[in-house]
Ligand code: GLN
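In the block that follows, a single chain appears as structure tokens, in the form predicted alone.
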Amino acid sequence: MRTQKKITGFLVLLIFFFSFAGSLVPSAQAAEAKKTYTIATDTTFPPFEYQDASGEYVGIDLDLLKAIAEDQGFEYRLQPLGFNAAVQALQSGNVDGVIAGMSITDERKQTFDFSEPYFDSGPIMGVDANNSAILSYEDLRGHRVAVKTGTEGAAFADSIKDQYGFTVITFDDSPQLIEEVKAGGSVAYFEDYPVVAFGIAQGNGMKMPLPKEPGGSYGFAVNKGQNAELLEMFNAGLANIKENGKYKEIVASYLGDSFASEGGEIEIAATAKMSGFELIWTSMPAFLKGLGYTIYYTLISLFFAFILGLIFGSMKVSHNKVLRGIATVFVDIFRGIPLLILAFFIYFAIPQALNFTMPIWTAAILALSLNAGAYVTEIIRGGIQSIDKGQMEAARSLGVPYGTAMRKIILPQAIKVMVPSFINQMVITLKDTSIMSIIGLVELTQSGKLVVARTFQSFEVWLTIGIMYLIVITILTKIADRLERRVSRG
């Protein structure tokens, strides 16, 4: 009977949690009535989308979207995710559309409906500014070349790699291509021409030894057969802003008047590179905000992980074989699935299969809680089983109920054994929040990515982020060590 009550309570808790999360997601009918759409975008693809020094997302794509929404009278919520996550979020139905420098291809037309083209691009090769050995595609023979997943640059590199005898390595973010070349892992990278030119103007230390190749066009995408009204409004708004000159004004503000008027060379004023101290000082508000989110998600996830661990840990030491089997399956599943795969499955696969939307923070907390909960289950099981069985037998022989003996005798002793493992799990979960940046969760690591995308100064940024993690984890560890000593003395 007590076991049934525990299971019932656990199910009620999960239902409450999902209901609370679902209540924060506006219904499809409400969104349609208000003409408010959720639009996903990339986070690190300047000059089309990136975060400026004030923390605002800007770029050609985002300025065009804003102008079109104003022209057509609809509202939108911007969801910066990263390119791959944005496309998967669209497929899963978590967002209504994607604008992220997305090339219109025949393959993508099988899955998405595209707007009229809003920008004509083309791939180009970039190399280190000090590299005088790579002057042609033939010079790439025997070397490695970096590309970004899903870009025209990646498609072009794949189309010529066999002809010129080089290998291709793929990354998720454009700034990673620059860092790969700087570090010497690859001798060159292929990316869309405006992105390469914009980065060079920002002082990323690259150059373009060859002219750009003919390329395709970017389009705004929705799921095939869905959101036809949104697509029509985008096309109508795009035509209007081209006619009234707003389109040319937006493009010129990022790529220069010559490119906007004639489609010729990009003219971007070079930006002075900030000193390391200046970069850290100006970026610190974003870092501190990201750190706050990191700690918040860690605490919330550990709270649910502890509840899961307490329930399944108790089940694992139960005399009931069925309960032990259920707890074992829970631990095996969520310890066996990599956290990254679990996050993808929860945020992309489940909403697509069940046809509902899920906020990023809900998916992140669920993934972290389930992962940590499996480990906490084993911590609790190990702590309970470390206590001499004779103590429980003695208590039962004196007529003490099992639950009372567990609460009054076994658990107080087991907690002292568990504390070091709990501390270790807390540190692991705090660091694991960085993995959630892959689905667009804004925390400390994601904050660093956004700054690198804008400044191309990775050494200073990642050194600062690393020190911040080190400081926080050291402080938490010292506090926990003191708590452990106090518990041990008690």
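This one's a predicted model, so the numbers in the text were calculated from it and none came from an experiment. All residue numbers are counted from 1 along the displayed sequence.
Although not depicted, the form predicted in complex with the named molecule is the subject of the following passage.
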item: Candidate from 112, 218, 156, 348 lying within 4.5 Å of the named molecule in the predicted bound form - any heavy atom; value: 218
item: Candidate from 146, 102, 125, 365 lying within 4.5 Å of the named molecule in the predicted bound form - any heavy atom; value: 102
item: Residue 152: touches the named molecule in the predicted bound form, heavy atom cutoff 4.5 angstroms; value: yes
item: Close approach of residue 189 to the named molecule in the predicted bound form, 4.5 Å, heavy atom; value: no
item: Any non-hydrogen atom of residue 45 within 4.5 angstroms of the named molecule in the predicted bound form; value: yes
item: Exercise: residue 108 in contact with the named molecule in the predicted bound form, heavy atom 4.5 Å; value: yes
item: Candidate stretches 246 to 254, 369 to 377, 392 to 400, 93 to 101, one within 4.5 Å of the named molecule in the predicted bound form by heavy atom; value: 93 to 101
item: Those residues of 74 to 91 which, in the predicted bound form, come within 4.5 Å of the named molecule by heavy atom; value: 83
